[in-house]
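To begin, one chain is listed below as structure tokens, in the form predicted alone.
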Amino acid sequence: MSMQTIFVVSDEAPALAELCSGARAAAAQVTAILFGSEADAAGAAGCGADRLLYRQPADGAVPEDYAAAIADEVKKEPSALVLVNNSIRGRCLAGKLGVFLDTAVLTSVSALERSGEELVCHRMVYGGMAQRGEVFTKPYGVITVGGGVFEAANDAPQAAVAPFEGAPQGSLKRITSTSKKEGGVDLVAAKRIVDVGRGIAKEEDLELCRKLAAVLGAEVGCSRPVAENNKWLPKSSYMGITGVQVKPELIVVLGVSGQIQHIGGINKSRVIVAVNKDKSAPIFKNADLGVVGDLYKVVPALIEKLS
């Protein structure tokens, strides 16, 4: 389908500018729907959408409870693509939207491209071993896109801001809410990153990586196992095809083997410096500079030289 209209839906105001930039490059009309306050919407008005609808979820409601209302808004167009940020909440919402719009959901889309009248969605498949282009054959489609896939425009137009009047419909009601104590950084905006892999022997050794990050003026990110399996860093810190995709000026990769799933999140970095004791590690095929050595010897030497 040609899908000249894209709806961008997000529960995170900072993500709107990136997502709308990608949508604007692929469609003539962009409508953003933000779950947040009027103040959040005013702060995000420069996201580049033609119009921005906002809705603070009612007490006991969550964003996915508004799936039916969003689908009704989307159906005002003869055909449209719905782009949802790839958060946990966003994926829940995308699944429900797929049901109400009677269409498929494509997750972790990495690019949108016009091919004649078709809007092609590109994403990694087979664990990152290949990239596939797909098009929706029905009038509507739903995709999720992670942070860092698109780059926010510097001169994006101001959107016309208005409240979203849709009402929640859900069989579950939230009765309590506890904020996560998990900290995190904005890796997408970072100019320098220290990337930590499973070559780090124990959690206490992350302090060594943080010291290197401090002297470099960098943020600390990691591969997926460090965050999801070991739980040494917040999940928002892991980079990869299903995580954050970054474009820093410099990334120093420590103890990362270089599996394709992780490379997909860092391969747009301007300079990649890798440290690994395995000279055959795949990471060296993707690095601009490589050091074959024990990171427990190399990193202290770097800190000393750079301090």
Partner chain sequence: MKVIVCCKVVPNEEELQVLPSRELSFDGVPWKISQYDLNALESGKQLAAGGGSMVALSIGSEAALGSSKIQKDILSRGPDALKLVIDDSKPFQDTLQTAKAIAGAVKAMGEYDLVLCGMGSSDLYFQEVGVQVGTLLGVPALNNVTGIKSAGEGVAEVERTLEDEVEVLEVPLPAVLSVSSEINVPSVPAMRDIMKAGKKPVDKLDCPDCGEPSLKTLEQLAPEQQERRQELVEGDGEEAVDALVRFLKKEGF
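Positions refer to the first chain, counted from 1. Note that the structure is a prediction, hence the values are computed from the model and not measured.
Not pictured, yet referred to below: the form predicted in complex with the partner chain.
Among heavy atoms of P157, none comes within 4.5 Å of the partner chain in the predicted bound form. The partner chain in the predicted bound form comes within 4.5 Å of no heavy atom belonging to T31. Contact check for T144: a non-hydrogen atom falls within 4.5 Å of the partner chain in the predicted bound form. Of the heavy atoms in Y238, some are within 4.5 Å of the partner chain in the predicted bound form.
Just one listed stretch, out of 197-205, 72-80, 146-154, 130-138, contacts the partner chain in the predicted bound form at the 4.5 Å heavy atom level, and that stretch is 130-138. Not one of D40, A45 and R114 is positioned with any heavy atom within 4.5 Å of the partner chain in the predicted bound form. Residues are counted as partner-facing when one of their heavy atoms sits within 4.5 Å of the partner chain in the predicted bound form; in 188-209 only R192 qualifies.
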